[in-house]
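First comes one chain, alone, set out as structure tokens in the form predicted on its own.
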Amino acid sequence: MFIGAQVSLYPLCDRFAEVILAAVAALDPYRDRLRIETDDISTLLVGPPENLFPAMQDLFVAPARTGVHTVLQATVSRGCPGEPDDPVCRSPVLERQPAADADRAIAEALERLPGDLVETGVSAAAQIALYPLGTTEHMADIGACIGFLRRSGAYDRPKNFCTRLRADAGRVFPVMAQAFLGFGAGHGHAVLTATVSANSPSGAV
């Protein structure tokens, strides 16, 4: 399987280049566990989800902790039929059997949330959308995912085309991970889009 994310970081301040370069250093501990490629638009992270989502969290939290208005935009994909399998992506997390029904899928995703989530001190707002592809059951999977989000401890409210989350970043990113992994066929093609923001001058709207 191939699993990865295209991630772009936007610190909204005059010294954005300095902030971005400093934030990218937060990815250094993951360089032996993820394939990381950066260009002038985004950073590609390829690897297993247990490393992928913590790396995105650390990339986001590093500048957000300084008080800078920080936005992270990510497109996360697994099982794309146009991508070759990559050994770096192998993970027992991807070997789960599909749940028998929506209620069981929600319960299993809640069970997989770490019980010892560590707060980062960064209050994050996010809007996410899950796209299970290559299946006629996509609306059932999306509905179950929304059911999980409502019970995840990070749910804020529905929005057009997405669901809004608000919590400490240390909860938002693990919730995003389970939304991405817990719904749709385990080896099926699925995409999650996410925009995460902290320290916005407009506050919650």
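In case it trips you up, residue 1 is the first one in the sequence shown, and so on. Note that this is a predicted model, so its numbers are computed, not measured.
Omitted here: the form predicted in complex with another copy of the chain. The next part is about that form.
- Proximity to another copy of the chain in the predicted complex, taken as heavy atoms within 4.5 Å, picks out 156-164 from the listed stretches 53-61, 24-32, 156-164, 171-179.
- Contact with another copy of the chain in the predicted complex, defined as a heavy atom within 4.5 Å, is made by all three of S42, G82 and S202.
- The closest non-hydrogen atom of G184 lies beyond 4.5 Å of another copy of the chain in the predicted complex.
- Using a 4.5 Å cutoff between non-hydrogen atoms, S91 does not count as a contact of another copy of the chain in the predicted complex.
- At the 4.5 Å threshold, heavy atoms of A109 stay clear of another copy of the chain in the predicted complex, well away from it.
- Although the partner is absent from this view, S123 stays clear of another copy of the chain in the predicted complex, with no non-hydrogen atom inside 4.5 angstroms.
- Contact residues in stretch 14-34 (any heavy atom within 4.5 Å of another copy of the chain, taken in the predicted complex) are D14, F16.
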